[in-house]
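Shown below, as structure tokens, is a lone chain in the form predicted alone; questions about how it binds or moves come after it.
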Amino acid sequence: MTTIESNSPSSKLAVPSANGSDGKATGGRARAFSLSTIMAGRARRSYSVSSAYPPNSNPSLYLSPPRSSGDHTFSINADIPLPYPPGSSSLSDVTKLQQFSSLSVSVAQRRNSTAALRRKYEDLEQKLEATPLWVLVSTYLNYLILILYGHLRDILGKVFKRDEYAHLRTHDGYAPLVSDFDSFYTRRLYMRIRETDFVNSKNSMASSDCWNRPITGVASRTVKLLDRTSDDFNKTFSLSGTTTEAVNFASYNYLGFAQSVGECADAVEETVKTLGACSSSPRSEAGGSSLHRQLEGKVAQFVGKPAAIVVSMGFATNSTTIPTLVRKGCLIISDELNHSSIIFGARLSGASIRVFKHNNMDSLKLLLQEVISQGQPRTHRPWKKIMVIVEGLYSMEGSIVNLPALVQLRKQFGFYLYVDEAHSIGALGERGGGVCDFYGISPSHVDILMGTFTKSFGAAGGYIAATKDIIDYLRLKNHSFAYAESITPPVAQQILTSITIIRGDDGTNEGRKRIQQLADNSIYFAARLREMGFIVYGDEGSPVIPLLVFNPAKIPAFSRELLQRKIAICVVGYPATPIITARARFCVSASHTRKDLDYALEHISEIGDTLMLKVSRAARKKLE
């Protein structure tokens, strides 16, 4: 076990060595509690190490050495071809960038390539634009009116329509399962916001909510929506028997592998014939097969880790892995905008939880200094483990994690780093390898890499990739691996084939084309929206592009108007987002053509003018 000094002179944290084995602190005394000691069955309490003990430096815990005395930036993976001779420190950064720019590649390819010149987060960060005051005031007023009318309707309803409120009252000595206060938002805001009417493909009026729309067929470049009608203000629905085909901006089909024809579909069909449709057992019993082992090896190779496990549900990947790795006496430091699966797993673990501002490394550094110097509450004993959990790509903001700064903090403070790559794996990086590939940082600087197969791979389930010791431990202790059903053979084959195509192991460059097409589409679509005057979140290159609509009445209006023009999107409001930043989320895919994007942009601009959504000051200043 190697110790790294924190900013506190009297505190150090233990970090795992590269080979997962335990070392000894100065004087031969074991002084730390780590993931590797759990797996070896040698759980020990953590001790403070005074500043009199110098840290034992393990080169594997640090970044690659600089190419020159003044160069302290990250080095690119050795196996990625550089646009300048390796080790040529005499070339200036400008010269190297000019050489790279002279290659016959597009702007998007240069920006989305790990071969780019030592990418930094500041190069792609899009600053969040401040919302105009009048927009905020009108949004709050709209919610205030909704809430006041909701309470008024409740008061009158409980007097004159008692039967409709029977489920909210105590009866026969039983308290209601759903409290009046907790269900107020659902009854009086959600139900009001989601009510929409639109003209379907048969030119007749139909009702549909903004969420939970049923589909049929393959959700690829286009999607078929099942039209529904409602006679009770969208409380219940019935199918009308018609469908509406629309350009699909609502699915996480980043690389376009959600297909019913093609190499993936053919391989899945053959697998069903040979291995059947389901294993009907967890991996720890009779649910494992050579296909699962092959998939785990392929995933580990793809993300650059020694080993990996796969499970059948993406949400459970986080919610069951986190409690396995940390428990009472440990500390989880979580980004404030982390996914609910991370929040659920953190709460389930019993560990203490602290939150830092979204993607703000200064906030994280101050928090680390505080928690390390103060230790556990009341006792002030050192934490057994500290784990920082972030996402690679945040699905509601479209922001990309500042991984270079995180790696520097990990080196300084010695915490475990857990990165959720549910949305970034396959979608970011020249080879689709996620945020490590995107920044050109070795995956060895991240302790736990988590991801799901539901986005870029057109499948289902999730994975955890780490050192072999950690993965062997998770095979025994992770509930989703030991007790849940294994990934079905058709789904496993879909993942295997898609990874094979992405890596180019099929002998084609189809995977690279998809990755490049996604990068081009994402940059083009987001740039055009900003030029039009919309307030758009998301960093450069993100396939998730949120467009702010703010006002609750504009949530269904924006969705309805786009659906009338055969464009399907996902609109998001509270509680998934802050109450004043409701948004429409566009998920760009490699399957979208430039014609699809231009068609959508034309109608989005038209609707934006109608609903007064073009409130960006930055776009107005550029025009001036």
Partner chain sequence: MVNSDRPYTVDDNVRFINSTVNSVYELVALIPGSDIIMNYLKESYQHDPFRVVLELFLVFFAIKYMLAKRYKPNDNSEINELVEEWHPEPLVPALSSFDRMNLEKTPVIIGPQSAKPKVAGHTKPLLNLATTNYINLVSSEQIKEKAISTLRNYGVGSCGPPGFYGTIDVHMDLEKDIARFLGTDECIIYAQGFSTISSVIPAFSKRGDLLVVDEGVNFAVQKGVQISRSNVRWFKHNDIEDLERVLEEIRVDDLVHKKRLTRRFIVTEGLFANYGDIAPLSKIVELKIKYKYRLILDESQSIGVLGKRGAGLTDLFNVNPTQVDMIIGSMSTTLCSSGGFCAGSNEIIDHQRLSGSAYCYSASIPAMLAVSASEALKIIQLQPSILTELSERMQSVRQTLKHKSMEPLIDIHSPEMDSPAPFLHIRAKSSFLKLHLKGEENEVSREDEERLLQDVVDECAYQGVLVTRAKYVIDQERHCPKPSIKIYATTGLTKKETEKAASVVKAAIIKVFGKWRRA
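Positions refer to the first chain, counted from 1. Just so it is clear, the model here is predicted, and its values are computed rather than measured.
The following text describes the form predicted in complex with the partner chain, which does not appear among the structures shown.
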Of these, 371 to 379, 498 to 506, 153 to 161, 354 to 362, which stretch puts a heavy atom within 4.5 angstroms of the partner chain in the model of the complex? 371 to 379
So in the model of the complex, is the partner chain close enough to Y483 to count as touching (4.5 Å, heavy atoms)? yes
Please check if D335 has a heavy atom lying within 4.5 Å of any heavy atom of the partner chain in the model of the complex. no
Taking heavy atoms only, is Y439 within 4.5 angstroms of the partner chain in the model of the complex? no
Is there a heavy atom of A527 no more than 4.5 Å from a heavy atom of the partner chain in the model of the complex? no
All three of G241, P306 and R594 touching the partner chain in the model of the complex at 4.5 Å, heavy atom to heavy atom? no
Give me the residue from D472, E531, E430, E510 that has a heavy atom within 4.5 Å of the partner chain in the model of the complex. D472
Could you spot which one of V137, A130, A286, L144 gets a heavy atom to within 4.5 Å of the partner chain in the model of the complex? A286
Even though the chain is shown alone, can you say which residues of 445 to 474 have a heavy atom within 4.5 Å of the partner chain in the model of the complex? D447, I448, T454, K455, G458, A459, A460, D469, I470, D472, Y473
